[in-house]
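First, one chain by itself: the form predicted alone, in structure tokens.
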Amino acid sequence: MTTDVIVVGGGIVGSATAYYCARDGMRVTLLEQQTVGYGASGRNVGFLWLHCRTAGFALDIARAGRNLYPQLLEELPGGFEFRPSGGLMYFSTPDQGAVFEEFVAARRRDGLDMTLIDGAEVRRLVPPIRPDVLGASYCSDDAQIVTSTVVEAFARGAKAEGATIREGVTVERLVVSGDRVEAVETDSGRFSGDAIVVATGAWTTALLAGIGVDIPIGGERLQVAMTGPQPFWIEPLVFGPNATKQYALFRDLPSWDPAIFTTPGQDRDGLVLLPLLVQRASGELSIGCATDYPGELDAHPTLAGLAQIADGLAADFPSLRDVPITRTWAGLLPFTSDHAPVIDEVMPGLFVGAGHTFGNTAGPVTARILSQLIAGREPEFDISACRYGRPLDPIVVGAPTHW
């Protein structure tokens, strides 16, 4: 089977790339091992999180992606769940509050619409939160999606533009002829194309290693639980103070002291709790998330991770102790050592869009860039920070990463 573009991977980057390439008149076949949106894109909590994106490339592409969503909502068939809901990070002590004051001031200098709100406003926005919360940083630029519904909308859009979506197809290796990648070998046969796009997240390193291309991408496991529908309403995305330790934007502040943000029990058993909560339009709550770095790419939740979520979230949201848990899952968040994805033609005929730590915002923009590279056009976005061949450190099994 011959086509112009073969896209490997049916997450947000792959499905959006199939859509944009097909819309540009290319013949496209997307190959997905499971079902579209099955991997990381279907297993995250849907944050469009500008709050903690570092100034420069990360914030610029996140802002561009966030601003693209209203347009996508209009143009993609069938729609998807999107709310421009804002987001907050709460704190509970005066020492934490002093750090948050510095953080908000710095973020405002970076151009974000961010304010420091008091405890009463936090409790109004997040009814089940503990009564001693003193305040939060609030960013109106943050928004939320149900990522799986976005991926499905891109897949529908790609099909409407003539693309072929093949699910349940495992890509076993890339086929090189001379210096060019010309096909993929799968358990359903060979698929040839003028351009092969690899958009396989944390699985990219292993696939590319087969042809001698080294792009070290790790997988941070994020464990999540979902509750049944709740009668109260929480509009913004919610992050807790323990999550601040993940971000250089906090750690580099003059008043930063990790002891201020160390909560007993939230870091244990090799797991770090990034306390978060978001309410879907259905009323269900996604709560999480326990994080670790397994040696194997294992997207199963663990008893230790779920226990950490239960203990941490019950402490900060006491009224949730008795809510029914209807589902648990884990996803693997891809990352590189410098936290920028690889977006490039890495050898003739082979295009890569992988390693996104913030794929919900950057994914659709990455797809547009890839379609422009494949068409031989100048990308709409400066991707100098994402080029293949820049120095990247190896991924150390079990070693945590911080943004």
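Just so it is clear, the structure is predicted and the values come from calculations on it, not from any experiment. The first residue of the shown sequence is 1; numbering continues from there.
There is another form of this protein, the form predicted in complex with a small molecule, and it is not shown here; the text below is about that form.
J.: Using a 4.5 Å heavy atom cut-off, indicate which stretch of 109 to 117, 217 to 225, 311 to 319, 76 to 84 touches the small molecule in the predicted bound form.
T.: The contacting stretch is 217 to 225.
J.: So in the predicted bound form, are M89, P241 and L273 all sitting within 4.5 Å of the small molecule, heavy atoms only?
T.: No: none of M89, P241 and L273 comes within 4.5 Å of the small molecule in the predicted bound form.
J.: So, in the predicted bound form, is R63 in contact with the small molecule at a 4.5 angstroms heavy atom limit?
T.: No, R63 stays farther than 4.5 Å from the small molecule in the predicted bound form.
J.: Taking 4.5 angstroms as the cut-off for heavy atoms, does V13 touch the small molecule in the predicted bound form?
T.: It does: once the small molecule is placed as it appears in the predicted bound form, V13 has a heavy atom within 4.5 Å of it.
J.: Please tell me whether any heavy atom belonging to T336 falls inside 4.5 Å of a heavy atom of the small molecule, as the geometry stands in the predicted bound form.
T.: Judged by the heavy-atom cut-off of 4.5 Å, T336 is well away from the small molecule in the predicted bound form.
J.: N44: heavy atom within 4.5 Å of the small molecule in the predicted bound form?
T.: Output for N44 is yes: heavy atoms within 4.5 Å of the small molecule.
J.: Within 4.5 Å of the small molecule in the predicted bound form, heavy atoms considered, which of T170, S282, S255, S177?
T.: Residue within 4.5 Å of the partner: T170.
J.: Just give me the single entry in P236, G305, G193, G331 that has a non-hydrogen atom within 4.5 angstroms of the small molecule in the predicted bound form.
T.: It is G331 that has a heavy atom within 4.5 Å of the partner.
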